[in-house]
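Heads up, the chain below is alone and in the form predicted on its own; it's given as structure tokens.
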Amino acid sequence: MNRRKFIGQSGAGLALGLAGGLTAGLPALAQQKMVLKATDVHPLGYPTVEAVERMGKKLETATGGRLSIQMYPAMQLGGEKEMIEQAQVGALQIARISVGPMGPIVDELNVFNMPFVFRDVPHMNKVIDGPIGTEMLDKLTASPQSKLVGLCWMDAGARSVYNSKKPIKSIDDLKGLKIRMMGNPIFVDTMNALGGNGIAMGFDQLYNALQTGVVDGAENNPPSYESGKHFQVAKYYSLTEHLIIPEILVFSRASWDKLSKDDQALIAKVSKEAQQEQRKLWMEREAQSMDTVKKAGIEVLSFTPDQKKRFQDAVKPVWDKYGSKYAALVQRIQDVK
């Protein structure tokens, strides 16, 4: 059976089942056994995947097996664009999505997609753990356009450039390189401002594009660079850390609205716990990934503060184009210590 057809039918089946429970009243729905479909572009064992699987075990324990999560990792249900679309129609319930592709859907989220908006990863974590993080999840949930519920944030570290052509020892070395970016105009403009040629492309297409030379490189965090096997075809990794983008765990609004209030509260609770658990898993995996790529002979380059400032100065046109409407929020982010 065609994969998309299967996904659509399975989503429709769940929706019908949930609707049937509603017609019988909430007590009937409360007793209905439900398997929540969750998806991620990353493989089993990856911090975000592991955190959601742990959520599933907690749900099973708390409900005596009535609620559970079935994880579809490693792009089994497509890339992030497809994941968002399927969640919006209720074909799946839970998806781990980068803020990158969510920015065009809920504009306020784009503030987190601006280059160098966070001082470092600890700063980003303080922001998403605090009032600003809560507000942004609430905006996502309240947006009629999103058709999603924001459950929690997840750490994705800092994104840096890797390529197959040459070491990036300064901003000048980026000139002319074709670098894959996530599908958001801010990211493409950011790479263009840095001197590269930004090309929007799904993560699911990237390995083949690197292998065949469609792109010269990409940018991502160490675990994605390592687990996606990109280090096999792009052997130069430069710690530009130009983007520090948190990720969001979202729930299908179409499915959420059919849950009882108690089940919604339980899922919200285990999601908040997952936010902290995933962060610990992330720190461990990031260290392991850096160790793996270095042992594989990858040249990892870092920059002095003065060298990094050249990257920061270069993205001023991006801030001029997109940043003014976020000025008040950016000030609040910068004020977080």
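In this text, residue numbers run from 1 along the sequence as written. Since this is a predicted model, take the numbers as computed values, not measurements.
This next part talks about the form predicted together with beta-D-galactopyranuronic acid, which is not shown.
- With the partner omitted here, the stretch from 209-217, 94-102, 165-173, 136-144 that lies within 4.5 Å of beta-D-galactopyranuronic acid by heavy atoms in the predicted bound form is 94-102.
- In summary, among the residues Ser255, Ser224, Ser160, Asn110, the only one with a non-hydrogen atom within 4.5 Å of beta-D-galactopyranuronic acid in the predicted bound form is Ser224.
- Proximity to beta-D-galactopyranuronic acid in the predicted bound form, defined as a heavy atom within 4.5 Å, holds among Phe116, Tyr72, Tyr236, Phe203 only for Phe203.
- None of the heavy atoms of Lys58 is located within 4.5 Å of beta-D-galactopyranuronic acid in the predicted bound form.
- Remark: His42 counts among the residues lining beta-D-galactopyranuronic acid in the predicted bound form, judged by a heavy atom distance of 4.5 Å or less.
- Within this chain, Glu247 lines the site of beta-D-galactopyranuronic acid in the predicted bound form, having a heavy atom no more than 4.5 Å away.
- Not displayed here, beta-D-galactopyranuronic acid is kept clear of Leu148 by more than 4.5 Å at the level of heavy atoms in the predicted bound form.
- If you take 264-289 and check each residue for a heavy atom within 4.5 Å of beta-D-galactopyranuronic acid in the predicted bound form, you get nothing at all.
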